[in-house]
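The chain below stands alone and is given as structure tokens, in the form predicted on its own.
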Amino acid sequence: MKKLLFIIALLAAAACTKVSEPAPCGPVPSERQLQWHQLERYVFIHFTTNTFTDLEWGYGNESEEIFNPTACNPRQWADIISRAGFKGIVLTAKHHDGFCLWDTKYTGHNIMNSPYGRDLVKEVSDACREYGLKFGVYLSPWDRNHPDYGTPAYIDYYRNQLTELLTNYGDIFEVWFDGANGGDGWYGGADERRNIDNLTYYDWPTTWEIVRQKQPNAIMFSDGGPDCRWVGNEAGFAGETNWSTLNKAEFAPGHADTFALNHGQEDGTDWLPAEVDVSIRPGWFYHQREDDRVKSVDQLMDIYYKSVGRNGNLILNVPPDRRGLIHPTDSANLIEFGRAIKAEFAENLAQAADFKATDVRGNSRRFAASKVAGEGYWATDDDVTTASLTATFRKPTTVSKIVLQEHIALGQRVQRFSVEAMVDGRWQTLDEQTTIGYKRIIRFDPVMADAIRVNILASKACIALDNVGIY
């Protein structure tokens, strides 16, 4: 009897033993960054006097009278964008020409002195809230209109305007700081003769602190963050290897190594994930001559797989036309793009598969292989940095895409992995890649498979996967 009680006590103690989570590996995302990752894709809106002068970069001497959209309707923008499955809008509140789209008290070069005569920042922020979208702002540090640009007085002006935007328009999810400025020769223009030292002039840490105080949940974008980084191009793709970590101290707005931005740095000191910016048209502002050059749904899908599918967030620019409406071609392609994404990921075949892993952390159900298709995550023991996860189907199943997601709350770990399919009794390699991060989508020619196997071939620490989706 005593022996039986002893055995029962041992079993009870074992049942109560908790298996600890893996330790964080390297830099980890903040809560605001975790929420940002989950948005995945949102829209840029470029709209200013350039729309009416047919320029990409205005000179700053444009009359306020020229800004005259005859049918401007931000609710139309928000309706189309939400129907297409995007999660937010970042509006160019002020571009390099210095024309302001809100009722600012710091300059007369603003929308209230145009024929439009209404606060467009407010109208867009209201439309976003009505349609369940996040709202963000772009405020160009460069200003070709303001007479004090290049002097300390302009920095006060810039921060005062930033404070207006962060105070008067509700929650802001992202603040976009461009690197363009009047200090580098190729950034100049016919009317630009002022030069600055971009690295010292703006005193970015002081400006960023205003955002932290006024909008603590907002993500700040620039070449060097501090929350998310430029991807290093405006063509719509992240590197096939894409670490969410970067040595932040080596980067600043307007000064960046584009290769490092595109790929990240494996041993980076900071969590600084990539945002992929690209326009649906060749230019960032609307030009009638580009009406037949709007990116097709196939082109947009390729961008999606090379941005969101490579551990980046996609910010797709959709410029309103001179009426102040999204052009019918842009609108149609956007909505079809959203439908195409939804259709391609409508049925997760992993939900009907049986999962088995070569290692489970502490042999615990908490970290079981099946967690990647449900609640929680799959993790291995601390000393296990190579492992396999197999999903077996109940009958042969056609597969063409695999979605992998790491448990990034504890950092980015995977350095190399492969995906295989069991076809006619033999394992066939479908792809071998490097990083995963928040989301990695692997595409391949459709195969009829009995099982799919994901092999983690190298990892910086024990493996921690949130999701394996099969489509």
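A residue's number is simply how far along the shown sequence it sits, counting from 1. Small disclaimer: the values here were computed from a predicted structure and weren't measured.
Although it is not shown, the form predicted together with a small molecule is what the next lines describe.
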**Prompt:** Of the listed stretches (151-159, 210-218, 277-285, 343-351), which one has a non-hydrogen atom within 4.5 Å of the small molecule in the model of the complex?
**Reply:** 277-285
**Asked** Considering the small molecule in the model of the complex, which of C72, A373, A180, I196 comes within 4.5 Å of it through any heavy atom?
**Response** A180
**Request:** Go through H46, R32, H407, R440 and name the one with a heavy atom inside 4.5 Å of the small molecule in the model of the complex.
**Result:** H46
**Message:** Test of understanding: in the model of the complex, would Y116 fall inside 4.5 Å of the small molecule by heavy atoms?
**Reply:** no
**Partner proximity in the model of the complex: W57 to the small molecule, non-hydrogen atom cutoff 4.5 Å** = yes
**Request:** Classify Y138 as contacting or not contacting the small molecule in the model of the complex by the rule of any non-hydrogen atom within 4.5 angstroms, answering yes or no.
**Result:** yes
**Prompt:** Does H96 reach the small molecule in the model of the complex, with heavy atoms at most 4.5 Å apart?
**Reply:** yes
